[in-house]
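In the block that follows, a single chain appears as structure tokens, in the form predicted alone.
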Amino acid sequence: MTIEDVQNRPDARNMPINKVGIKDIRHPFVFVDKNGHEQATVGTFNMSVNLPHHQKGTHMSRFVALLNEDCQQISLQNFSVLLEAMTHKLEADVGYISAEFLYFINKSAPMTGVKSLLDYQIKLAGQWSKEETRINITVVIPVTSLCPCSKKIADYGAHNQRSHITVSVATNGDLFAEDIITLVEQQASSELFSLLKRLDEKHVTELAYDNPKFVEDVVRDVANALNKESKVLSYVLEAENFESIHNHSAYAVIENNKST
């Protein structure tokens, strides 16, 4: 029995669609890190393509089929391969994929060396066409910041807070998530750890006290480091301090397109 493919019917409204596809589908995959180590995770995917004015619809099932067939291993370096395969599979000119997932790094405490896993939120987003491929990586890095004003005026110490530094980078494909994480953590008052012994806690507390930074300081210092990194083509950088003595966050943003 022959069943009509309704999506392939012509459409007379003469109206192309920029993006059509599927949104918020969760699927397991293996993320490959800088050293080739594999980490099983679950991603939330958005997948879409352009649709020409004369075509009624796209083939939604093909997006899911691609995830089941080809989404085994993903890295920043092979993400463009998945993008190209999807665009061809949907018989489109332009394809878009984003994948959000958690990535864990096994960190050693600064003094005792005790190991623990710390999670980072990562988003890979790409666009593919015959003319160009664009890849963006976004990483949310939790750090500690200590208030310089509090340190200056208080007799007994200074207030600090956990901060989220969100870096969205357009890259040539040679930059890894670990590189961005290291770059950001080096600019904070202190990096974070999931597990600390007393000796470690003493160290990170005193380190932050000796390295106070406003949200403006953190965002400028990270931006300065990104400006020096040749593998970064452009970036949007956000710093949010979850204030410990206020019922609001302190927030700062710097954007830079290094090609202009």
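The first residue of the shown sequence is 1; numbering continues from there. None of the values given here were measured: they were computed from a predicted structure.
What comes next is about the form predicted in complex with a further copy of the same chain, which does not appear here.
Interface membership of Ser194, defined by any non-hydrogen atom within 4.5 Å of a further copy of the same chain in the predicted bound form, is confirmed. At a distance threshold of 4.5 angstroms between non-hydrogen atoms, Asp155 is in contact with a further copy of the same chain in the predicted bound form.
Heavy atoms of Ser234 never reach within 4.5 Å of a further copy of the same chain in the predicted bound form, leaving it off the interface. Taking the partner from the other structure, a further copy of the same chain in the predicted bound form has no heavy atom within 4.5 Å of any heavy atom of Asp93.
Look at 143 to 151, 123 to 131, 175 to 183, 76 to 84: in the predicted bound form, residues with non-hydrogen atoms within 4.5 angstroms of a further copy of the same chain sit in 143 to 151.
Contacts of stretch 156 to 170 with a further copy of the same chain in the predicted bound form, defined by any heavy atom lying within 4.5 Å, are made by Tyr156, Gly157, Ala158, His159, Asn160, Gln161, Arg162, listed in sequence order.
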